[in-house]
Structure formats: C-alpha cells, structure tokens
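The chain below stands alone, shown as structure tokens; this is the form predicted alone.
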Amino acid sequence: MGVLDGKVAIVTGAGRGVGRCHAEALAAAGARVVVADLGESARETVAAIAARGGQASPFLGSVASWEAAEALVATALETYGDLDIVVNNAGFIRDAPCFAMEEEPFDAVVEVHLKGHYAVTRFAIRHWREAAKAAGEGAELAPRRIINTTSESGLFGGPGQINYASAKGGIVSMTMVEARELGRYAVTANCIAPRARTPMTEVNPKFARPAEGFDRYDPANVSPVVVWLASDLAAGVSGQVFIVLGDQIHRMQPAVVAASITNGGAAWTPEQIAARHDELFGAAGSGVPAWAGPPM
C-alpha cells in the first residue's frame, strides 16, 4: 500500500530534474501521474515510471498558456477520472542584472513561473469547487493538494534574478491566498524551495555530485517532502513554506511585524521618523538584510 494509492496527480516541468523526481516519487507512492513538459522528455519520464510498474501519462504543452493549462487538467480528468494533487514545478531562468534586464526575458520568466503556477491551479480549483458544490453542504470532501515551487531567490532576493526572484516571491503570496481561500473545499496549499542539482544549477560547481557519501544536492532528496504534502499524512498542513536541502527541511516564518513606532495620534514628520530610527530598526540595522537561507 502506498500513501497515495488511488490519487491522481499533475506534475509540471516533470520531464527532467526535480520535476521528474517528483513524478517518479508520486507514482512510486501509488498515484497516477500526468507528466507535463514541453517536449519528448515528458514521454521519457512516463516510460521510466511504467518500467517500475507505475501509471503515468504525458502531456506536452506550456503551462504559461491558458488553453494548455485547461487542457492539462482536462487530460487528468479524462484519463483517470479525477484530480487530487497539483505540483507546480515548471520553470527556467534568464538571468541579468536589474539594470540590464530586457522586456522579453523578464516577461518570459514571470509568465512561465507565476502565470504558469496560477493557470494550472485555476482550472484544478474550478473542478474541485464544482465537486464540492455537487457533494452538498456538510458532505465529507475528498482532500485536495496544491504544492507550489518557490526558491531561495524568491524568499531573499537573488542578485541578477530580478525576473525570477519576483516571480518566485509572487508564488509564495499566491500560495497563501490559495490556502486561505480554499480550505472550505478541503484543499491545502503549500510551497517548497528546493536546493538541488538541476539543469538550472548544475553549472555551479558547489552542486557537483560527490565522489562518495551522501549526495545532498540529489534532486530526489526533495521529492519525499512533496509526497508527504500530497498525502493524508499532511492533512493539517497548509499555507506553509519549506526550504528542502538534502537531509534538511527548513520551515520558513511568514512575514511578521519586526518593529513598530507610533506618534501618539499625530501625523509624522520626516524629522520625527529620523529621530526614532533606532527604535524602528534596533540591532537589526537599516541596511540590506543579510541572506537568511541555510548555508551552502
């Protein structure tokens, strides 16, 4: 028995890298998986899953296309009869300093990451909402799962990645909205920031495969967290963000008020604000915040 027996999942960007590992892990846990990607790599992932006795179907198309996203969800419903899990993973990078970023790479990255996350989820949500309405008030609803993919660049602001970091930061906010709005339909929404060796990171020598011992950057290390979040084992987990790195899981603190000052019922002047600088910033200081992720 697998923890996802009987479930149906979509994984985007599942032709290679982290997405392929997610699709294979979900299938190994018993899910039937629609493997979405742009090219023939989707069929390769499906073949690998089938070779291990799992069930999967390919879908070739861009998640940034509204029509393709709708067709992707329809494929899951037509092929397997339902949809329980959406893992939004598809994306790529087009890096440049903020002063040199051009319109096309900015739009392309934001479109595939931010719009692509929403487009697929939007059509899944509509199906889940209709299913909940059909079940009737007070009925026990089937649990549904959204698992989004952010990055440490989106959490902390990666230099040279104004497009990617902005899109990934938006995905965190998107996840919070989904978690707040969709609980009534038995839907949870969570977000992971994987640090792993992928086609986007393998050029960095720090991500190289070690000669021996634990391979902390193996993308397969991230996928058990996705399986957990997709399963009933994580039924009470929603609106959460995790950095996943090798054998480590870091739960991120949501945005909180760090400090406050008040002016006793009167409007501020710039001079008054400056005079209370230390109250507002304290020991943290007022410069650019340090990168707060786990060490490499």
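Note that residue numbering begins at 1 and tracks the sequence as displayed. What you see is a predicted model, and the numbers here were worked out from it, not measured in a lab.
Only in words, not in the display: the form predicted together with a small molecule, which the text now covers.
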Taking Asn89, His113 and Thr201 together, does each of them reach the small molecule in the predicted complex with some heavy atom inside 4.5 Å?
yes
Thinking of the small molecule in the predicted complex, which stretch from 233-241, 249-257, 34-42, 49-57 has heavy atoms inside 4.5 Å of it?
34-42
Students should find that, of Met176, Leu155, Leu182, Ala196, the residue having a non-hydrogen atom no more than 4.5 angstroms from the small molecule in the predicted complex is Ala196
Does any heavy atom of Leu229 come within 4.5 Å of a heavy atom of the small molecule in the predicted complex?
no
Test of understanding: in the predicted complex, would Arg144 fall inside 4.5 Å of the small molecule by heavy atoms?
no
Does Ala29 make contact with the small molecule in the predicted complex, using a 4.5 Å heavy atom cut-off?
no
At 4.5 Å between heavy atoms, is Ala9 in contact with the small molecule in the predicted complex?
no
